[in-house]
Each structure stands twice: as C-alpha cells, then as structure tokens.
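Just the one chain here, the form predicted alone, laid out as structure tokens.
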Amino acid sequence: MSEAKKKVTAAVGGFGRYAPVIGLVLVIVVFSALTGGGLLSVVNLQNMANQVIVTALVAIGAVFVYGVGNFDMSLGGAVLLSAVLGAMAAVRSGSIFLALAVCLAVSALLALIKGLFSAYIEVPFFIFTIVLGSVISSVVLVIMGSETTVYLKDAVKPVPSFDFTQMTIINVICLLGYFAVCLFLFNYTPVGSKVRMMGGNRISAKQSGINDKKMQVLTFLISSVGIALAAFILIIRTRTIGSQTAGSTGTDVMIALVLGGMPISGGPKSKISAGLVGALIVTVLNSGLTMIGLSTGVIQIVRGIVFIIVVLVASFSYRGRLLPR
C-alpha cells in the first residue's frame, strides 16, 4: 500500500471513530435551528433527560448481546414484563425496593432463557426473540386481566415519590454506574475481548478455547441488569405502567446502536459508547421531529429511513473488515 493511500485510510478511520459524536452535534445544531432554540430550552432538556435514560440503559447492556452476534428483538418486551410485575409488587407491598428486586429477578430469568436457547438450540436466534416478544406481550395481557394500567397510587401504603431533582439524581446514578461497570467489563476484562472475538468469528473463538455457551448466557445476564434498571425507573418516574409501556424500546435500541457506530452484527467494532451516544442521538432526533410539528406516523417513517441509510453505510464500511463466519 502506498504512503498516500495509508494516510487516506488512516484519515477515514479516524473520522469513523468520531462520526457518532459528530453526528450527535450535527443533529443538535440542526434541530436547534429548526426549533428556534426550543430544543435546548430548560424544559425540553429536562424532558430529553427523562427520555434518554431508558433507551441508554437497555442499549448499553445490549452491546454485549449484539456484540457476540445475537440479534435480540425482545428487549422491549423484557422491559415491559419487568415493569409490570415490578409495579404490581410495589402496589401490593408499598415497597420500591421489592419492586426493584422483582425487576431484577424477572429480567434475569428472561436473560437465562434467552442465553440457554442461544447456546444450545440450533435455530436462528432473532426468530426466537420475535416469537418471545409476542409471547411476553400476551403474558402481560393475561397477568393484567381486565386492568389496562397499574397505578402506584393504589398501593397498600404510599409508595415514595420523587421530584424532578431527585429523579435526575437517580437517573444519573443508575446510568453512570451501569455505564462504568459495563465499560470496565468490556474494555478492561477478558469478557469484552471474548465478546468481540465471538462476534467476529465464533468458530475461531471456540478453537481458541472460549466457552461460547457460557459467554452467551453471561452476555444476556449483563444486559438484564440494564433492562431491570430501565423498568424500575419507568415505574418510579411515571408511576403508571400499562400494556403499551416500552413499546418502541426495542426499535430505539437497535437504531441507537447503529447510530452510535456499532454494527448490529457485532464483532471487533463493538463498543460500549455506542449505546450511550446512540441513545442521545435517538432522543434528540425524536424530540426535534416532534417539536417541528411532525405527526407520529411521519416521525416513524423518518426514523426508519435514517435507520436504513445508516445500516447501508455501515454495511459497506464493515463488510470488508470482518472475518468470515
């Protein structure tokens, strides 16, 4: 390779590394202009802070799952079931700590089911998660019965409520704490290197001595913590959980990972920052499109177009770099 070509390749690689952050800045600038500065108003920043937390928590954990090459379509359903059962536990006990414990237990159980299925059943995993998501929605309807919403105000004793400042502190602690743990696991322990190796070439990873079955279960369990925290925050923030809760979370997470610079096929390009940066982009995009007056249907169309474009661009970028599977 010539010296000039090496410099061009290095420049492209350097731009690609920072492209998600550049994209986030551009989205903020564009929608700030289109909304006359309304995007960055105090009220809207507060709204976006509340909106980003759920997507970010789930997306950060999903990096481990997508990183090994598992395409999980049931993330929204997992948040929904955890939130519904957690809210019911809070109503019957009046304890938010029991609600958190139930959220953790439910999400961990679902993670174990998905991990074992992925490890031992030779069926395309994304098909299983599509079916699982449908089953979870049906289970929620059966559990709730004639009730369409669970209200914390109906608890046997008052469940503590939080003002905006307190909720912000809880959000920041949960998000930064989970992000720090995942960043450490992914970048500074063998877990991250094994995830990237399995996503790049699972056969080679097995031949190098990696226990792929154990790793698949572990990645889902790590992801389940983010799902549980997201469900818990929904419970204490909204204080009402319905059958449509977290309906768009699964799609938002996929879009966030791609916009954050991670290929949904996983592999060497997987990175924890993709979940956080991508979630910020999705939140700003949703807020900006809403503020300029687009309907929900049009917003979904725009989001879909953006997702397709980014996936196409990313596929051309990564296709020649990944090892054959």
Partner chain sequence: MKKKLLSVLLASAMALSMAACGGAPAGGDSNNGGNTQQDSNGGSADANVQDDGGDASGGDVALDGSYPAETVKIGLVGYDNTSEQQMAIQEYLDYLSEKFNIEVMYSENLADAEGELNFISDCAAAGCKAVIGYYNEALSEAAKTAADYGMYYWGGFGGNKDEVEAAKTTCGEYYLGGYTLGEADYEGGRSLALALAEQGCEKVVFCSGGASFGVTQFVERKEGFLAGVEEAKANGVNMEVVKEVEGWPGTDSFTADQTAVMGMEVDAIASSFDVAMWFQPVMEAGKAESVKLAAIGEVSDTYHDFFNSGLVSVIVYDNEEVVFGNAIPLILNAVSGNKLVDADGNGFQYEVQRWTITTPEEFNAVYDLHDSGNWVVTAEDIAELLVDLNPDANADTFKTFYGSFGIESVMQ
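Positions refer to the first chain, counted from 1. For the two forms, the rigid core is made up of the largest set of C-alpha atoms that agree within 1.5 Å on superposition. Predicted, not measured: the structure shown is a model, and the values here were computed from it.
Heads up, the form predicted in complex with the partner chain isn't pictured, but that's what we're talking about next.
In the predicted complex, A246 approaches the partner chain with a heavy atom inside 4.5 Å. At the 4.5 Å threshold, heavy atoms of Y178 stay clear of the partner chain in the predicted complex, well away from it. Proximity of V63 to the partner chain in the predicted complex: non-hydrogen atoms within 4.5 Å are absent; the residue sits far from the partner. At least one heavy atom of L280 is located within 4.5 Å of the partner chain in the predicted complex. In the predicted complex, the partner chain lies within 4.5 angstroms of at least one heavy atom of each of the following residues of 218 to 256: L234, R237, T238, R239, T240, G242, S243, Q244, T245, A246, G247, in sequence order. Core-superposed comparison between the shown form and the other one: the CA of Q300 exceeds or equals a 2 Å shift. When two forms of a protein are overlaid on their rigid core, residues whose CA moves 2 Å or more are considered shifted, and S41 is one of them between the shown form and the other one.
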